[in-house]
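Quick setup: one chain, the form predicted on its own, written in structure tokens, and binding and motion questions come after.
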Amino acid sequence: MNQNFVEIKANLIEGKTTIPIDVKYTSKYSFLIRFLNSNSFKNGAEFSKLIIQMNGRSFELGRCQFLSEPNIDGYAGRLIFINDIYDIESLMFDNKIVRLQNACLNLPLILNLKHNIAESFHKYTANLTYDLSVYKNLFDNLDAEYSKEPEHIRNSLQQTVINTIGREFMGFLDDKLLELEQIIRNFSKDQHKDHGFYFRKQLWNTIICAPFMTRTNLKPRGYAGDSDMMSMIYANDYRGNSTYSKLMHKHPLEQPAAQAVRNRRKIIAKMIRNLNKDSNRGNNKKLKILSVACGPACEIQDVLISTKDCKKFHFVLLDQDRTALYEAARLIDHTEKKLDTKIAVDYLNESVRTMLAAPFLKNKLGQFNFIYSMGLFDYLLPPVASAVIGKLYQLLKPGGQMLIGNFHVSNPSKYYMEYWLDWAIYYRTEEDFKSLLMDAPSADVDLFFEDAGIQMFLHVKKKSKPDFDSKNIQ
């Protein structure tokens, strides 16, 4: 039930007096309230506590104040809290009492973190902060110089700045990345974590001016690599409110790791199209394709170029993020309208956890000619990754193929991702990757890299017939 539209019974307490009210969620830090039994109170009236009965539990919140306001639905006004600031959203939707002041509890630890930072890193970060402020001032002054020009002239002048001084600035950032790597290359895992946190705090004003960096750091959907981040990587363009912010946005998109992401999209599309060419099916059944952690599924528009292509495939798109599935659905809808045809596609809002828990996954999903997952395994530890790949292998039809991606340990963008973007992933060697497929009888397994040499692909073919094995003869 969506608490956003539901009134909940509650009681205000002041001394020995109990005042019954209805409360309704209206904002993250306030309630709408309706006084019952003909009670009324003046604006600013205070109460010692609020007690809410909800979902079979009682929640007690501290001192609060009534603020009257006009309301056509019969509510007297709002209730806000005085001594503690409660997150009403967490209470109503997660049944948890969360105080805004809780963030202060870790403040001493955060402030003391600076004592764990290596002196060389202190110096590096301070110098970089100064240098970036100088560059920002330069680009902001240039923006101001031509700010009164017509829009098309401003855009042209800004592009000239980007192509000249801007590219020199990009080179400066590249040099600073190399310097960073020299300083931190021997750090332990915990040191990387502490120094990365410190780095982002020092560079925060620069980070939040770049749309891509802002999203990777804030993670509005709760995880790195969401569909909006992927779309920014695919677009690989300049975005921002100033020349400086556009350059800071574009720089991470030009790194090898971002190019690897763009490369893998092309690889997936090519393999699906070749799958159709190589098929010797004697019927008109569509090839069934499963994308796991599909995101916006942009690669599908690279596959479905004509109406004829749309008749060849049945896609099943699986992702734990409903927003990503909606974005994929919009892309499919756009393609259908563009080609004036219908595309066979199913959307599954599932997670890896539910996938592993399902005892008869094959009965639920059926079997597939091709299964792929481009980014999921970068976030799975070995036991989970091995279990997932085993489940997926079971879903392959005889003769079917599976392609799984994972970043290699040699990723040259690793420290950029971890320090600037707060984007940590699980890297593997070739041996680590192959070892995930422990139980795959009748499989041909190959491993290859995309052109940037950063992203590995585990290519698995399920044989049409199992190999003859004398050990199975009783």
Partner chain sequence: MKSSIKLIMKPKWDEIEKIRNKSSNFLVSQGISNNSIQALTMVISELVENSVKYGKFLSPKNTVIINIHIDENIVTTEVINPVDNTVFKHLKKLDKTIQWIRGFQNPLEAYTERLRVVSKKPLNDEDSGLGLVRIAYEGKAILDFFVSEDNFLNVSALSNS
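In this text, the rigid core denotes the largest set of C-alpha atoms whose superposition between the two forms falls within 1.5 Å. Numbering follows the first chain given and starts at 1. Source: prediction; values computed, not measured.
Beyond the structure shown, there is the form predicted together with the partner chain, which is absent from this document and is the topic of what follows.
- Of the candidates Asn71, Thr164, Asn205, Asn106, Asn106 is the one whose heavy atoms come within 4.5 Å of the partner chain in the predicted bound form; the others do not.
- Out of the listed residues Asp194, Asp309, Asp143, Glu336, Asp194 is the one that sits within 4.5 Å of the partner chain in the predicted bound form by at least one heavy atom.
- The closest non-hydrogen atom of Phe35 lies beyond 4.5 Å of the partner chain in the predicted bound form.
- Although the partner is absent here, Lys42 lies well away from the partner chain in the predicted bound form, with no heavy atom inside 4.5 Å.
- In the predicted bound form, none of the heavy atoms of Ser242 sits within 4.5 Å of a heavy atom of the partner chain.
- Taking non-hydrogen atoms only, Tyr223 approaches the partner chain to within 4.5 angstroms in the predicted bound form.
- Each of Lys189, Leu356 and Lys391 is positioned with at least one heavy atom within 4.5 Å of the partner chain in the predicted bound form.
- Stretch-level contact check against the partner chain in the predicted bound form with heavy atoms at 4.5 Å: of 135-143, 255-263, 309-317, 109-117, the positive one is 109-117.
- Taking the partner chain as positioned in the predicted bound form, the residues of 368-400 that bring a heavy atom within 4.5 Å of it are, in sequence order, Tyr379, Leu380, Leu381, Pro382, Pro383, Val384, Ala387, Lys391, Gln394.
- Relative to the superposed core, Ala424 undergoes a Cα shift smaller than 2 Å between this form and the one not shown.
- Relative to the superposed rigid core, Met54 undergoes a CA displacement of at least 2 Å between this form and the one not shown.
- Superposed on the core, the two forms barely differ at Phe448: its CA moves less than 2 Å between this form and the one not shown.
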